[in-house]
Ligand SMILES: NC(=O)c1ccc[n+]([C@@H]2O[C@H](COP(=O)([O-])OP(=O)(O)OC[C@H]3O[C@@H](n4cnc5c(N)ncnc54)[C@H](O)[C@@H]3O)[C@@H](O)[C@H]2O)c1
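In structure tokens, one chain follows: the form predicted on its own.
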């Protein structure tokens, strides 16, 4: 179904990341992937030694996970969406390797107001904390798409998917305050880009909300097992599996689709419950 197509996959932190499941399903269906992770580049010269060591380990873990699950020949690159220079350098790498993209998965999020599964009250969130979360978790969809377009790296009829969560529209029972606002912004950006890019070159833009999931680093930062089990009992079909999400993304990535501007739920019906 995806033979001859290449997709950018962001947000892989480890072997259990939701983005990894999507990348694996793309490859199983004949497509190729370019995976990006956070690491040290020439654009990080002002970092402390401690910060550089952290980023080096982060990128090393990311690469090992990608090569273990997707194969050692899978293309990996450093990408820091908070630095325009890093995004541009990534685009230059794609150009130098003659890689054109048929879409990408946006699975990036960050919120420093969550620590040890405890969320900072919204009234205590600083302007900088708010902006940092918004930049990584929402605005990066705009900035990354913009750079790819300006460098003519997104083919016509491309498909862009991003990962959100039900907290974008409802207060949840587990730590989700500041980032829930960023997820709401991400979903609104999805709708606006769907209109703008669809008219530009037929590119589709959609967003998916998934069940509570502890398998990833992101899930473990906010969830407890009782949270996941509560959602499982509440959902008519029980919690969705990562494979369910991957299949839905695959359907949205397929060529010649006509679905755009959608906020899809892959959550066993959790979203319909009161």
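Positions refer to the first chain, counted from 1. Keep in mind the model is a prediction, meaning the values are calculated, not measured.
Quick note: we don't show the form predicted together with this ligand, though the next part is all about it.
Although this ligand is omitted here, in the predicted bound form all of 109, 213 and 223 have a heavy atom within 4.5 Å of it. In the predicted bound form, at least one heavy atom of residue 13 sits within 4.5 Å of this ligand.
Contact between residue 218 and this ligand in the predicted bound form is found at the 4.5 Å heavy atom cutoff. In the predicted bound form, this ligand sits within 4.5 Å of a heavy atom of residue 136. Although the partner is absent from this view, residue 183 contacts this ligand in the predicted bound form, with a non-hydrogen atom inside 4.5 angstroms. Judged by heavy atoms within 4.5 Å of this ligand in the predicted bound form, the contact stretch among the candidates 117 to 125, 157 to 165, 96 to 104, 195 to 203 is 157 to 165. With the partner omitted here, the residue from 74, 82, 113, 172 that has a non-hydrogen atom within 4.5 angstroms of this ligand in the predicted bound form is 82. Put simply, of 246, 38, 35, 240 only one has a heavy atom within 4.5 Å of this ligand in the predicted bound form, and it is 38.
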